[in-house]
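One chain is shown next in structure tokens, namely the form predicted on its own.
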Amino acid sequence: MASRWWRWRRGCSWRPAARNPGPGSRRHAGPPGPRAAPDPLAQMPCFSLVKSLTSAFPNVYTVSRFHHMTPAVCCCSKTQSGEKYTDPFKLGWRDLKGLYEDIRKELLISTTELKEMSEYYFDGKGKAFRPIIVVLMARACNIHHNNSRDMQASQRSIALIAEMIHTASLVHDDVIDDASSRRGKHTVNKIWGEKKAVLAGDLILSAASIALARIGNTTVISILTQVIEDLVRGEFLQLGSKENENERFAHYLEKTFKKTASLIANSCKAVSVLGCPDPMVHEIAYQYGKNVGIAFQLIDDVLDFTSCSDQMGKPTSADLKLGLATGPVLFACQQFPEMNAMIMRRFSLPGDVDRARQYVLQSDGVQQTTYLAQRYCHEAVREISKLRPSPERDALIQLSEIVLTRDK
């Protein structure tokens, strides 16, 4: 295991450590940044990449040779529990029939225009990635606890609430980013304007809050309200940037957790709380969701450079145009230090976006980010494998590979 650790050297440069370093071995580190405030990322067991990036985070895993030494997390013809392979999405949809109809029922709106705006993205054309994970996790935890094959109504409600919170955040994000397209069609703000789009997002969020209160479990309410706080804090993190190169990756991963992974992690934890009293199971569910969520966003950031607009359903190179330095850019910066100036001015000068994109494609930034996502998925598999074997548990394992291999 020790041979898998890598050091943080020469600023943000990723370099391999010597094999089996002793406890007193000398570490090479870049200039320490200010101590980070406590956050969920600092609680990652075994996989402490985030901790390595500031003085509060001392260790780091490799991201440059994962393809040589990371055990494969691929799906195969049979699951680990020995049952015949089942598509995770088909398995999850058994509990999600009528998902979007049920969400629209939660949006009890009399005003025609507001109703049309609020229901705009609930057209069944999204991936429903979050609800699928939630219902699979619910069943996996129920089976682990008492071998129950039943899905509680409150657990299914968490799947709806997660999709509603996610969609509300998309509506608000599109306003902040002045986005014109999503999922292959015009955004709410493009059609109805920014002011009305903000209100539509607020209304979806309020409907999700009412549905959450109706579950009547204060622990679950506390877990999911944390998501809303994280979404706001994550957006604030995205609006800022770090001058210190050593802090940029920590900043990026913290933002990624709060904006993307927190919803998945806490939704998984919520259904585990509803189905099982064991805190260890709650932590397994949370860790799985967190690691898969971070990997999902890392791959999303890769696809911004490798996929075309038609595949993604939204413009590519969008992050660069918004002035955002994502994983591929931060890794590319190590090979092309001249990118530092562009990062600090948020790619605002004419030609910055095109030059930065070329630097990324000439570097191994895309490959490095993909390897990092693979590592997070490997950790997710390690966590969920602690549960009792079941088709749903194995579907969650298979889902981690789908995260890595998706092209949109």
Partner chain sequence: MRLQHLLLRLPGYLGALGPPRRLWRSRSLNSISPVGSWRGQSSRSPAHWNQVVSEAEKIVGYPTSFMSLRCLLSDELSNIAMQVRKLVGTQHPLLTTARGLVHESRHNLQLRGLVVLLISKAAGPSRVNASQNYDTVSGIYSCQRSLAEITELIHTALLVHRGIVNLNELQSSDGPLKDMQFGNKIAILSGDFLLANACNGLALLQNTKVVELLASALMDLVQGVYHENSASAKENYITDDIGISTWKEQTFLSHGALLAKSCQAAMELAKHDAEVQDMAFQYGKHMAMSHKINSDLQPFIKEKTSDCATFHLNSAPVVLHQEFLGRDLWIKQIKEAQEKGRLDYAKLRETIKAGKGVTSAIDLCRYHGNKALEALESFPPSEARSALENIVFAVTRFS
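Positions refer to the first chain, counted from 1. The structure presented is a predicted model; accordingly, all values stated were derived computationally and were not measured.
There is another form of this protein, the form predicted together with the partner chain, and it is not shown here; the text below is about that form.
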Does the trio 300, 307 and 400 actually contact the partner chain in the predicted complex, every residue with a heavy atom within 4.5 Å?
-> no
Scan 264, 207, 284, 276 and let me know which has any heavy atom within 4.5 Å of the partner chain in the predicted complex.
-> 207
Only hit among 226, 317, 244, 152 for heavy atom within 4.5 Å of the partner chain in the predicted complex is 226
Segment assignment from 152 to 160, 333 to 341, 229 to 237, 136 to 144: heavy atom within 4.5 Å of the partner chain in the predicted complex | 229 to 237
Counting only non-hydrogen atoms and a 4.5 angstroms cut-off, does residue 113 reach the partner chain in the predicted complex?
-> yes
Does the partner chain come within 4.5 Å of any heavy atom of residue 280 in the predicted complex?
-> no
Would residue 123 show up as a contact with the partner chain in the predicted complex if we use heavy atoms at 4.5 Å?
-> no
Spell out, yes or no, whether the shortest heavy atom distance between residue 106 and the partner chain in the predicted complex is within 4.5 Å.
-> yes
Listed by sequence position, which residues of 369 to 401 have a non-hydrogen atom within 4.5 angstroms of the partner chain in the predicted complex?
-> none
